[in-house]
Structure formats: structure tokens, C-alpha cells
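Coming up is one lone chain in C-alpha cells, specifically the form predicted on its own.
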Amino acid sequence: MRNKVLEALCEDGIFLAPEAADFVLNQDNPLSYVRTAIDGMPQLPLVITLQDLRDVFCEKGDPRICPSTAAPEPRKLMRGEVKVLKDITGNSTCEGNIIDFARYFNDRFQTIKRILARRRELVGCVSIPKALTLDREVKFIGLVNEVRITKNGHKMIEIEDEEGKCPALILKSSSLIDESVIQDEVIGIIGKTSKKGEMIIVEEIVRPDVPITGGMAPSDSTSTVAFISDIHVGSNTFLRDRWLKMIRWVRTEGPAMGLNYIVIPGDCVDGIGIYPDQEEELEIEDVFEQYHALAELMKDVPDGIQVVMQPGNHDAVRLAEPQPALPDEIIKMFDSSVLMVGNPCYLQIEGRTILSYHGRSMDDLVNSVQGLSYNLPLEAMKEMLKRRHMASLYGGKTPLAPEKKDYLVIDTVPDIFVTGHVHSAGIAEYRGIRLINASTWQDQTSFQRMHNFNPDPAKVPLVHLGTGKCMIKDFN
């Protein structure tokens, strides 16, 4: 029944997001229900979402045909005060076909559009086709298809929404000419239609950005969380002596400062075949033996400390983000005090919301945003928050899986945002959010030396969950 209904809709050029499909198929007459919904839509979207159905039916007030607006309860895992609010683990459904990609980008666009539509500057925004017909200042929201420089030195942006697309021109004389606009990001544009009505002259770019907050309000928590990234067990450049020094500190001084949590944002082991000639620098050449060695090291962490571990691009999961947690055969190697999560992952620890992301997309950001470099990971993190997305660019160095939901959208504003990947260590604050880049436990590799990259290893950023106070402990 399900396949027949979906096939009939596909023949009519109608595609349903997974949540919408599940709801529609529970109706007495699914095809009639969808066609009634389409009759009530001003414009047929590329993929019909549950929100689209709500927009059509909920005003009628009939609970039998109005999809529930109740938010699902966050998934609660394991023990203590750690909750996994959102990650892809156990929820991956994509097959990589064109419908998956359509749903994926539609979810990205709709989610960030809702954030942008609340911005004061974009009150009264219209669709792109409507904007092109107006002879006044126009405001609209769209997803960037392409960015190029014209032969005259202007910047041309091709941008689209659910109803159409248009070129948006930033004049070379504009103060916006150096603005780094990234392909596939969602932005708001304020401008004027050209005389011929074929393009928009851009006067302002509005990004979703995170709101300015007062930061982490003091709480009763007495706990501290440590962030330890890019361990790279298995490499002959793993800094074992400094790691053991850190573990001794955790055991002897950690209890006095309330160190109850350790978050590890990826690259737990060095992996196999990740970069050219890596095998020449491997101390352990079997990836499962690498995890076994890591599990043995983690046994030295005191039992009272909850460890949260997620994968990165060196770990034994799919490269495409979002990445699920490590597989069961690896999880079984670790004690029950180690909670395995996906990448990225929203966590709640003693009332604080932590967004943990390995940070692979920094490879794309440093090549796309003017002024960024691998030495400035905290600035790259700020760019992610401004765009409300951790990996806007599709088709770059960061492979993306077209899931039914874009798990890389920053739809919830965290208290703490942590990344790793670039083997640096740093703490900053942006609009009240604590930014952490969590160092590494690997010395410089020949590959890094060839690219003139100097890591900043063996440092542990710490955040007190009660006061929000941050510090870095150096084990060099």
C-alpha cells in the first residue's frame, strides 16, 4: 500500500518528506488527502513537509486531519545527567537518490528560513518571483546556488527559493563586495530590482546568526567538563607520555575541581588509509587493535567520570556527515561509562546544552571565507554560528549524507560549542556561547610538516558548568 501511494504521487511530480509520508499514509484516503492539501497551497513545494500540511489544514481545527504539533521527547540515553538531544545514530534512512537530496536541501532551507523570517530586517519578505515584479525595496530569503565574479569585478550570486530563482548582484563599489558568500548557505537579501526586472541589486545581506545572550547564567552545578579531542591512538606520533600525565592529573586533581565529564569530539584513533603514506607512521596497523588500545587507555579514567565519545574523519564510521556513533563491535570494547554518540551531537549535561562537532568542514571554510586559516579555528566556528550551519558547502572536502533532516543545521542555540579536527587549542566567546577548540594528543606528522602546519597538542580546555568559567590545562 505504502509503495503504491508514493509511486502514484511521484508520477504526478509530488514528493513527500518522510514525516509527511508517514502521516499521510495513516489517513483513510491518502491520495485524496494529499490532493486536497495541494489545492490549499499557494505554490507546490519541491518536497511537501509536515509543516506544509499543518499550514493548510490546522486552521480548520480538525484534529483528525491536522498533524500534531507536539515536539517529540528528546532521546534519553544511559546514565546520570547526560542526555543526547539530537544525533543521527539509529535514524539514518538516506539512499543517496535524487529524492533524498531534494528532501535534504528542502529541510535545510525551510529550517533556516524560519529562523531568518523572525529577523526584524526581513519583516515583509516575499518570494523571489514576486520580488522581481516589484518596483521598490524588496526582501527575500533564498539558498545560494552559485557565486562568481563578473568580468567587470561585480559579484554575482544565483539564489533560489521554493518558487523560483534569480541573479543577485553585488556591485564592486558596494561595501558588501568582500562579503564571503558560500554556495548552499541560506541568506536573506534586501535590495532593489534592476530596471529590466531580471535581477536584484543587493544592498544588504542578512544571516540567520545566533541571538546575543547574556551567556551561561550561574547554576547550582558544581561539575566541570573537560574537552579532549584528536587522540589518534595507533599513530607513532601519539603523545603517550603526555596523555598519561593528563590521566594522572584527572585522577589526583580532577575530583577537587568536580571533573565529572569528559567530551571527546572525534578522531579517537588514527585509522587506516586516511592520508598518503599514513601506514609509514602507524604504530598499530589494524584499526580494531587501535580501538582496543584506546579502550585500555580509557580504563584509567576514574569510574565516576562520564565520558562522551564521538567519531571524526579518522574513525571507523562512514565519512559522510552526519556520522553515526561507532559500531557495536567497537562499543563493546569500552566500559559502560563511555557513551558513544554521533557527529555532530547535541548534548545536555546538568542543564547546559553542548553542541559537539568534530569540525571537518573547517577544511572548506578556510578556503571559502576571507581571513580564515587553520590557525584560527575559533573564527571558523563563529562563521558556522553566523550561518546557523556547520557545513554549508556541498561538494567540497566535507562529504555530506542527504538524510531526511539536515543534522548540521544549528537550530538550537547551545551554551557551549566544541570542535576538534585542526589540532589546535583555544577558548573564546561569541554572543554568549562558549567556543572550545579541543587540542590534540598527536605530535606533528610528516603530512602536516609538508603543509607547514604546527599542532598545539596536549592541552585540555575545561568549563565549569555552574559558573561558566573556562580555562586550559597544559600538559606539555
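Everything quoted here is computed from the prediction, not taken from an experiment. Residue numbers here begin at 1 and follow the sequence given.
Keep in mind the form predicted in complex with a small molecule is missing from the figure; the text below concerns it.
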### Query
So in the predicted complex, does Gln448 come within 4.5 Å of the small molecule, heavy atom to heavy atom?
yes
### Task
Find out whether any non-hydrogen atom of His389 is located within 4.5 angstroms of the small molecule in the predicted complex, and reply yes or no.
no
### Query
Does Asp267 reach the small molecule in the predicted complex if we count a contact as any heavy atom within 4.5 Å?
yes
### Task
Report whether the minimum heavy atom distance between Val422 and the small molecule in the predicted complex is within 4.5 Å.
yes
### Summary
In contact with the small molecule in the predicted complex (heavy atoms, 4.5 Å), from 325 to 333, 156 to 164, 230 to 238, 303 to 311, is stretch 230 to 238
### Summary
The one residue among Tyr346, Tyr374, Trp243, Phe105 placing a heavy atom within 4.5 Å of the small molecule in the predicted complex is Tyr374
### Message
Exactly one residue in Glu350, Asp363, Glu383, Asp184 has a non-hydrogen atom within 4.5 Å of the small molecule in the predicted complex; which is it?
### Response
Asp363
